[in-house]
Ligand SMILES: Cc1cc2nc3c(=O)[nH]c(=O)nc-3n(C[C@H](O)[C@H](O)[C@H](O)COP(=O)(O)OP(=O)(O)OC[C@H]3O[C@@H](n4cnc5c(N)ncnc54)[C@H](O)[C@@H]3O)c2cc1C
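Have a look below at one chain only, the form predicted on its own, in structure tokens format.
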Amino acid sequence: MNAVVVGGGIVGLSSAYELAVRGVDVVVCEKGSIGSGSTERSAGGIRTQFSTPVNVDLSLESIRVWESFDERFGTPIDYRTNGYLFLARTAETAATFESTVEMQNERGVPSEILDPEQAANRCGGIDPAEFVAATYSPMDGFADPHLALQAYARAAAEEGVDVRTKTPVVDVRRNGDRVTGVETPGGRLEAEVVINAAGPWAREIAAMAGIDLPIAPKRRQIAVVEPETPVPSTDPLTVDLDSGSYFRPERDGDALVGGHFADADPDRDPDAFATSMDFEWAVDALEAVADWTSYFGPESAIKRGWAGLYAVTPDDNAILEETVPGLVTAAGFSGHGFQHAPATGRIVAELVTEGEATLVDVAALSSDRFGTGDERTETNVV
């Protein structure tokens, strides 16, 4: 069996690797360089605290890989299980915690609901007076996306995957209902299966096959900040759910700071968006986290930053399925692609080689859910 994977980010390379270890001949087509789409611009979060069961399950299966990643791939990825701390300012936000944590616990996640003082014990820099409740899980954390991506690229190559950079897919070929390959500037690649792991370009790739997928590229930004008071390296990735702002420790007391604060959130052209950080946004982000922590006082400095794209669906959940015969979609992760890449790669390989996913029940991630009322929106979105 042979396959073409469209997209050389971590979802595409994880999929290529898992296919190759099952004996599939794989070509990866990446229009730029490895990880140049969204992976290299990720904050690297890895968490189990989702509001939808399928995302929790994807996280748990992925964490089995992240926990043993150094041994499996021979590459340290700076994986730190500092936890995630979600904070609620309003009773309305806090009201969702009980059912969400109960669902997470039923699936084996040791998350818990905290009062504001308990939350401050987990992250000493927050102002407990600003919040009414929180949730925390010690299983959560973050890793270095660049190191993880390079490890998957090496592992895939060692398994015989042909990774072709600067190789855009310009058309998807069909014979009747079945996808049979792709066209590139260098010629046609025949394939028994094509995997659409193109992230922000996934809708374009689907359209080449005559399929409309509701995946919208949305611009998001991250700032590297030198706080007035250094952020302890043991702090969790901490999120103010109501303002949308968050931070996590970086290195040497610095922090990554992020959030989306504008009312407008237009679609972006993934080939022509600004990858540099907007300074005005960075000021807003710094002021937002300064409002609820003691770390980011007036002497804090914005050191640098960047912008990337989320590939967003209407319910903030991925599309993971065989969309039509010969075309598997693994896209639209809405900011969760990095952390779910290990499980996604295995599921893609199952869909291709076994005809169904058994690692996780991904029926809820079928594209036919849209417009039917079957969507269940993921509310724990960072």
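For every residue, the number given is its place in the sequence shown, counted from 1. What you are looking at is a predicted structure, and each value in this text was computed from that prediction instead of being measured.
From this point on, the text means the form predicted in complex with the ligand, which you will not see here.
* To do: Would you check whether the ligand, in the predicted bound form, lies within 4.5 angstroms of a non-hydrogen atom from each of V26, G181 and G326?
  => Not a single residue of the candidate spot has a heavy atom within 4.5 Å of the ligand in the predicted bound form.
* Contact segment among 201-209, 150-158, 89-97, 127-135, judged by heavy atoms lying within 4.5 Å of the ligand in the predicted bound form -> Checking each option against the 4.5 Å cut-off leaves 201-209.
* Residue among L286, L241, V101, I222 with a heavy atom within 4.5 Å of the ligand in the predicted bound form -> Residue within 4.5 Å of the partner: I222.
* Although the ligand is absent from this view, report whether R41 comes within 4.5 Å of it in the predicted bound form, heavy atoms only. => It does: once the ligand is placed as it appears in the predicted bound form, R41 has a heavy atom within 4.5 Å of it.
* Asked: Do V6 and the ligand come within 4.5 Å of each other in the predicted bound form, heavy atoms counted?
  -> Because a heavy atom of V6 falls inside 4.5 Å of the ligand in the predicted bound form, the answer is yes.
* Asked: Counting only non-hydrogen atoms and a 4.5 angstroms cut-off, does K31 reach the ligand in the predicted bound form?
  -> Result yes; K31 sits at the interface with the ligand in the predicted bound form.
* Asked: Is there a heavy atom of N55 lying 4.5 Å or less from a heavy atom of the ligand in the predicted bound form?
  -> No - in the predicted bound form, heavy atoms of N55 and the ligand never come within 4.5 Å of each other.
* Considering only 313-344, what residues come within 4.5 Å of the ligand in the predicted bound form, judged by heavy atoms? -> Those in contact are F333, G335, H336, G337, F338, Q339.
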